[in-house]
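Here are two versions of the same chain, shown separately as structure tokens and labelled structure 1 and structure 2.
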Structure 1
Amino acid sequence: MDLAVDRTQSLPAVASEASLVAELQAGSEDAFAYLLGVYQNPVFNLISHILGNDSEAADVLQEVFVKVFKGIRHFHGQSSLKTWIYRIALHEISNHRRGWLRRRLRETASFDHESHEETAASWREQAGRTANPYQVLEQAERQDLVKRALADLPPVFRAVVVLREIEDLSYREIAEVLGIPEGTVKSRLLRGREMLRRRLGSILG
């Protein structure tokens, strides 16, 4: 699965989410390609910011879309397709954490060299299209700082902060993804933002 390629520009337009779901359930390869083009990068960003490791995020991403492809026949539209996919992603993140808990506890908050190089390479690739190298480097360093700070937040607060501040989901969508009331979303977000500000302040000295 190529995470770096934006395929949405070459994919066929889909009239509505209902028709997309119908095509997916019928096994349309074009519909699956469209789904990947729309969702693989946002879902990868979600996983990466919660796990704090791009390499592990890529592994989890594969599992997420395996589950999406296998489970789409059982999707009946009780929620939006987007929140359904995000719920699967959070479930797979939880599975990954449980499976690798012992190793994760031994890891430090800093990223290893390989992970940093992968992130830098991704930004370098974007540099030719969107910004000069200095802007790209600044963005990559900022992203690294945010990931380090997020890694120290308790998971319940980290998920809400990432979904709201990075993925830009509404309170209602976050409530659907996490299966909690909107009031709980707002209180966790308030607490998570404050903890994130304190952690960023600590990192920046």
Structure 2
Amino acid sequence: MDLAVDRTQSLPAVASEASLVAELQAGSEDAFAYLLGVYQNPVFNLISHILGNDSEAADVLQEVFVKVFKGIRHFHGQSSLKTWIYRIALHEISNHRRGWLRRRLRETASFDHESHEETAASWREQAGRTANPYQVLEQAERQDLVKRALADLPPVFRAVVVLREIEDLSYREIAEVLGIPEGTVKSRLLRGREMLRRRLGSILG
């Protein structure tokens, strides 16, 4: 059984993609607005999970769409629109990361404090809605642990894990997005998953 099925029904079908691309290349504002509508949330989700920070993700997202607007003329359907946009996103993330790493080292203290408060706030919010606050606390704590474990993965492994487990891309799509062979996707995924399992397995059990 092939478990790596495409689960992205909400994205435009391949048949209509060519006409969408043609309209984008003609500079249709409606087509670009549609493109934003379809891709801004998945791309933001991707960037945010890889960077582990929403406000950094906002800056990168704007850069990504600037590149998309500029580059669409040179898009000739070598890959799907989705993998092309994701590839731009991954490229912008690594461009951004150099500067980001430096800033993060300086701001580690305040960043940790902020993310802790955020978690506490979302826990209070959720707790108000459910009968069993202990369960919610457990889930919020688990999610926090998972996010931290993901953030601690070395970037090359984190990107592959996020693209596969959170964005549901196939091995071939991940290979296209990252510009690496499928064999490398497999081995990075194996190592990334194993690192997460070692760190989280006993807690999640």
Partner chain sequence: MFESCLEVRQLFSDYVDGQCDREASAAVRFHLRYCEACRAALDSLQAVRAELKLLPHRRVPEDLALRLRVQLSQRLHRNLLERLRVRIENAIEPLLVPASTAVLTAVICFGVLMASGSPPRANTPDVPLQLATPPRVEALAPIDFNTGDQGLTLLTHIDASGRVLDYKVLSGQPSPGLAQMMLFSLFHPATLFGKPTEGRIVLSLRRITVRG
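Just so we're clear, the structure is a prediction, and the values are computed from it rather than from any experiment. Residue numbering: structure 1 sequence, from 1. Only the largest set of C-alpha atoms that superpose within 1.5 Å between the two forms is called the rigid core.
Between the two copies of this chain, it is structure 2 that is the form predicted together with the partner chain. For H49, a C-alpha deviation below 2 angstroms is recorded between structures 1 and 2 after rigid-core alignment. Fitting the two forms on the rigid core leaves the C-alpha of R158 displaced by under 2 angstroms between structures 1 and 2. For K147, the CA shift between structures 1 and 2 after superposing the rigid core equals 2.5 Å.
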